[in-house]
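First, one chain by itself in structure tokens, the form predicted on its own.
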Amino acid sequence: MDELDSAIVRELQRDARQSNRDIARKVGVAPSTCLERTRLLRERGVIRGYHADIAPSALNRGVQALVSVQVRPLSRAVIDAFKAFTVGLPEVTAVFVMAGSDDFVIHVGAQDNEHLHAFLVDRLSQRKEIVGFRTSIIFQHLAKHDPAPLPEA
């Protein structure tokens, strides 16, 4: 990405709902140039989508947790099957495949502690490939929606 691409991305991170014309004005180019650059950023996979940031409580997800999971045997087939299983669960908001002592970290949202406990006991613990899991309740979640690019290595 060059400086113009970075400027366009920064503006979209700040507010993805602003018009192309507004972004073009803020980054100092013609709207047609901005539109073409944005299209190319989408095609190259730099821009992967536009999302609304919804309060979890509005989605009846008042309790959130990170569940660290260990699976065995550790093979591509087991990893792929477990990813597909977890991402299909309505309580799951994100799945991370990890290196280290945990193989996965799953971000889960539930109505309350009882529903979280039921999810863990009735759904997750029933999987034969899971050899252990640990749950951490999230008290606060702060997200940085406009990270700046890091310098090249």
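Here the structure is a predicted model, which means the values were calculated and not measured. Start at 1 and count along the sequence shown; that's the residue number.
FYI, the form predicted in complex with the DNA isn't displayed, but the following is about it.
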| said: Although the partner isn't part of this model, could you tell me whether residue 141 comes within 4.5 Å of the DNA in the predicted bound form, counting any heavy atom of the residue? | reply: no
| query | Does residue 4 reach the DNA in the predicted bound form if we count a contact as any heavy atom within 4.5 Å? | reply | yes
| task | With heavy atoms only and a cut-off of 4.5 Å, decide whether residue 20 touches the DNA in the predicted bound form. | result | yes
| task | Would you please decide whether residue 97 lies within 4.5 angstroms of the DNA in the predicted bound form, comparing each non-hydrogen atom pair? | result | no
| query | Among 63-71, 34-42, 109-117, 87-95, which stretch has residues whose heavy atoms lie within 4.5 Å of the DNA in the predicted bound form? | reply | 34-42
| One residue of 47, 124, 105, 29 in contact with the DNA, assessed in the predicted bound form (non-hydrogen atom, 4.5 angstroms) | 29
